[in-house]
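Heads up, the chain below is alone and in the form predicted on its own; it's given as structure tokens.
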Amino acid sequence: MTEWVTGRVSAVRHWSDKLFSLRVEADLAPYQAGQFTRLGLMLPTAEGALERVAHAYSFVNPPQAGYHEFYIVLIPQGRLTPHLQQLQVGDTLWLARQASGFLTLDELPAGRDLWMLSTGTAIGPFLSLLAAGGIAERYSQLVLAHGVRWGSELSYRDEISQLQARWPGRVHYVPCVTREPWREGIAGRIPAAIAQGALEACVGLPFSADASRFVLCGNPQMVKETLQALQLRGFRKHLRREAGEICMENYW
């Protein structure tokens, strides 16, 4: 049974009219970078009673940060996110005390280069993994690709720049913008960039069965198509019973 604790909003960032981040103070059980918990609010039902409405969100922060941050997209017709978007500093919400999820460092396959391929708010767990630091001890090259529709949706740029300064020459950031020309990165979707060789060319780092490992996190269609593109290149799913090169998590 889920144990719920009260959290208090300590900071809010509105990236756009639909994208926002909540920083929350709460007494949670220890968790690992890349995991998620559930955020909830008590909201009225059609009959007027109150019920807890909750959804899973990944931590953006490293566990040692001393706060918990979540990157959220507004679902205009959703029950929860319109209310989360209205929260202000000092407001309270519910959090599941125990985190979950297997997108963690100890679940990733060993290799030299780690390609972190995300869309939308699914960049969050990768930022957590990078900021935690242990990932740089395991991999030599770290590539973070972020697929969005519009350039204005490329959030957390300052934090990414700080990570690049922390590990010079080892953290590569590739924005993939699909609906407008953009001055950097790739024009188009991540699966197509893989199929056409554009992602490797952009980073200057070729894929290799010996060196390359991939983590996919995003909407299910992106994960499915990216997996297929990588499988056509000869890469395999990584399973506990059978080692491979690709890990994935749907983010929906």
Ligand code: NAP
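Source: prediction; values computed, not measured. Numbering starts at 1 and runs along the sequence shown.
The form predicted together with this ligand is left out here; the points below concern that form.
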Q. Which of these residues, 148, 84, 142, 96, gets a heavy atom within 4.5 Å of this ligand in the model of the complex?
A. 148
**Q.** Partner-contacting position among 64, 221, 45, 196 - heavy atom within 4.5 Å of this ligand in the model of the complex
**A.** 221
Q. Even though this ligand is not shown here, does residue 164 get within 4.5 Å of it in the model of the complex, heavy atoms only?
A. no
(Q) in the model of the complex, is there a heavy atom of this ligand that lies within 4.5 Å of any heavy atom of residue 40, even though the partner is absent here? (A) no
(Q) Residue-level question: is residue 191 within 4.5 Å of this ligand in the model of the complex, judged on heavy atoms? (A) yes
(Q) If we define contact as a non-hydrogen atom of the residue within 4.5 angstroms of the partner, is residue 120 a contact of this ligand in the model of the complex? (A) yes
Q: Please name which of the stretches 183 to 191, 206 to 214, 32 to 40, 46 to 54 has residues with heavy atoms lying within 4.5 Å of this ligand in the model of the complex.
A: 183 to 191
Q | in the model of the complex: members of 50 to 82 within 4.5 Å of this ligand, any heavy atom | A | 55, 73, 74, 75
